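So this first bit is one chain, no partners, the form predicted alone, shown in C-alpha cells.
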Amino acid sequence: MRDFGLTSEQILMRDTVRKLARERFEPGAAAADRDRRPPLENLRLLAEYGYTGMSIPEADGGLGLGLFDLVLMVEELARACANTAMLYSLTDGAPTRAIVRLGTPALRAQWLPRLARAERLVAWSMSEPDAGSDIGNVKTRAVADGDHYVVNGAKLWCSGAQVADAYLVLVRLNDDPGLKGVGAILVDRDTPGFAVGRHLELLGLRGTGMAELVFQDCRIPADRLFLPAGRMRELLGVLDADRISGNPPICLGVAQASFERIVQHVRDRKQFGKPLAEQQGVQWKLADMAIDLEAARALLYRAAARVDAGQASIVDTSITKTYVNQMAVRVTNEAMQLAGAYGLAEEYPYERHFRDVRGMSVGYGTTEIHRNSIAREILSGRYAV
C-alpha cells in the first residue's frame, strides 16, 4: 500500500492499529454479524491502547489529531471488522465533533474527557420515516414547557442506539419551514418517556446496534438543548466531515479486505488443471479492482487532507463519498463472483463484505443526493479542478 506522504507517526499508528485489529477484532467479526451483537469490547480495547478520542482536543482529554488521522484509523478497523469501525463513531464521530465545535464549555467538560476514554458513548439521530436526506422534513417535535422540553416522535436508523449512553437528536423546535425550524437536543438514555425501540434488521452492518428511538411525552431539561432552531447548517457542517471520515473509509477498508482475500483465493484455487490466477480474464478483474482501490484511496486521502488544511468543500465530500461507495460495491461484488459458491457461503467473508458496504450508498446521504450536490456546484460555477 502506498504511504501517500504519511508522517512516520501516522505510519506507526496505521500499522499498529492494523496488527491489533487483525489479531483481536477480525476473528470475531463474523460472529458479531451473525449474532447481531455490537462488539463493544473492541472499543474498550482501543481506549486502553489510547486510540479513542482522536479528534478531541488535548485540552479536553483527547489526542487532538486531524481528520486524516481519523480516516486512517477507521479504514484499518473496517479491514478487520466493519461493525467495530461503525461503532467507533460513538466516540469519534459526528456527535463528538459537534460537541467540540458547538458545545458550551460546561458540556465539553462534562462529555469530552469521558468520550475520549470511551467511558460514554453518544449516537447521532437524524433520520425519520419521512426525513432521510430531506432533513428539513423532520417531524419529531420538542415543545418548550417551563424549564423543560417535551419531545414526541420517533427516529429510525440510529447506529449504536442499543449501546449508546446518550443521543444527539435532531428535532423540530418551531413551525418555521424546512431547516429553519430544526434544532438539536441531547437526550440521556434513562430519560423518562424515551425508549430505544426494536433492533432494525438490515442487509449488513448487523452488529452496530441499529434501532429506532421513541419519544412519548419525554421531558428533557431545557439546558440539554444543544442547538436552537436557525443554526442547523452549522451542525450539518459537522456531518459533512463525517461523510468523509466515517462512511468512505469503512467502504475502503472492507473493499481492501475483500480484495486481499480474493487474491489469495485465486492463487490457491485450481480449475481445469491450473490456478485461477493464470486465467487472463481473472487477471483483468483483479487489475480493475486494484485500479478502483487506488483511485478511491487517493480521493479519500486528498479530501481528508483538504479538510485539515481548512479547504473543505461540498464537492470534495460528495465526489469522494459517491465514488468510494460505488467502488466498494463493485470490488466486493466482483470478489464474490470470483470466489464462486464460496462467495455465497456465510463461512467465508465475501458475502458479508458485500452486505456491509451495500447500504453505505444509502446512508450519510444517498449517492443520488450527492450527485445533485456535485451538479449544483458545477452549474453554479463554484466547482473548479
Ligand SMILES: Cc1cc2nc3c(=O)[nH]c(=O)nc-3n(C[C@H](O)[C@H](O)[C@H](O)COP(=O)(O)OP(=O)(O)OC[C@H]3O[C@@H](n4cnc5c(N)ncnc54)[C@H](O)[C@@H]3O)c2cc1C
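Bear in mind that the values here come from a model prediction, so they are computed numbers and not experimental data. From 1 onward, residues are counted along the sequence shown.
The same protein has a further form, the form predicted in complex with the named molecule, not shown here; the description that follows concerns it.
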{"item": "Partner contact for W124 in the model of the complex: the named molecule, 4.5 angstroms, heavy atom", "value": "yes"}
{"item": "Residue contact check: W157 to the named molecule in the model of the complex, 4.5 Å heavy atom", "value": "yes"}
{"item": "Residue contact check: P57 to the named molecule in the model of the complex, 4.5 Å heavy atom", "value": "no"}
{"item": "Residue contact check: G103 to the named molecule in the model of the complex, 4.5 Å heavy atom", "value": "no"}
{"item": "Interface residue in the model of the complex among N174, N152, S133, Q279, criterion: non-hydrogen atom within 4.5 angstroms of the named molecule", "value": "S133"}
{"item": "Residue among L202, A229, V214, V307 with a heavy atom within 4.5 Å of the named molecule in the model of the complex", "value": "L202"}
{"item": "Candidate stretches 293 to 301, 230 to 238, 125 to 133, 141 to 149, one within 4.5 Å of the named molecule in the model of the complex by heavy atom", "value": "125 to 133"}
{"item": "Contact test, all of G363, T366 and N372, partner the named molecule in the model of the complex, heavy atom 4.5 Å", "value": "yes"}
